[in-house]
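One chain is shown next in structure tokens, namely the form predicted alone.
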């Protein structure tokens, strides 16, 4: 007869009773290191297959910042690469030119790309926009995340085109996606709420895929830690200026008190998508009169922003 479990005993795996490293409150399971790693890897592969994110012949540009999410993404895609026919990966890093931050993360990105044997390419704000982010933000630091987000997205697209990618993979996790849904609701931004960046029926965009979109941020970090790949890196000095920082804190508290909040938020978005079509909500696509990129108005976001910064 086994010893009666004490309330102070460490948690054990729900599947094998080995010491647990992860308590999934939303699934009501505790997992040991082996079962936790298998769980993350299987869920990522399943979401890729279910949503048909990767097809034969794809060349995937993996957005590799050097941080935990993009590092985990590259490791997981490289791990599953043999399962896909005629698919290749290339890591693309955007160098915004943020002093005291970006140099170290670029070195981390270079190391992880080398470790998994994936080609690595870097594209910089300086080359694309004739200035780094620090210079562009002088006197308007409170706009940092808006400016950086718009320009970084453009830089990533240009970097992916440069390496002849067919798709872009980003490391957005469940927390990121749930935060974006809540932010778009708070802003009343219906087009962004229902937009699906993973498809491109008009041949106007490079489709984006988000294989980690159903994995919580804590599990992404824990996956790297258990695999011995977790690195402590500096945080972006502009991070505190974002609306996302407030939403992150609010949503984190809600998830802690009510496990599954983020998953339910994502399910709500899917229900809204069933009743709304992005093309009807956003209006017809045009071409930017300055750069020729697809946009909803006369000028694209990037050109409008650069004109504003120049003024």
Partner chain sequence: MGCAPQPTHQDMKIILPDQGTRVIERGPVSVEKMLHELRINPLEVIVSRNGTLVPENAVVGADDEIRIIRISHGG
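Residue numbers count along the first chain shown, from 1. Since this is a predicted model, take the numbers as computed values, not measurements.
There is another form of this protein, the form predicted in complex with the partner chain, and it is not shown here; the text below is about that form.
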Exercise for review: Would you kindly say which of 218, 192, 120, 167 lies with a heavy atom within 4.5 Å of the partner chain in the model of the complex?
Suggested key: 218
Point to revise | Listed residue (288, 302, 21, 15) with a non-hydrogen atom within 4.5 angstroms of the partner chain in the model of the complex | key: 21
Review point. Heavy atoms within 4.5 Å of the partner chain in the model of the complex: which of the stretches 110 to 118, 184 to 192, 210 to 218, 134 to 142 has them?
Key: 210 to 218
Review point. Would residue 230 sit within 4.5 Å of the partner chain in the model of the complex, counting heavy atoms only?
Key: yes
Review point. Wondering, does residue 268 line up within 4.5 Å of the partner chain in the model of the complex on heavy atoms?
Key: no
Practice item. Evaluate residue 52 for contact with the partner chain in the model of the complex, applying a 4.5 angstroms cut-off between non-hydrogen atoms, and reply yes or no. Key: no
Check your understanding: Does residue 57 reach the partner chain in the model of the complex if we count a contact as any heavy atom within 4.5 Å?
Key -> no
Study note, to complete from the structure: Contact check, 255 to 272 vs the partner chain in the model of the complex, heavy atom within 4.5 Å, ordered by sequence, gives 255, 256
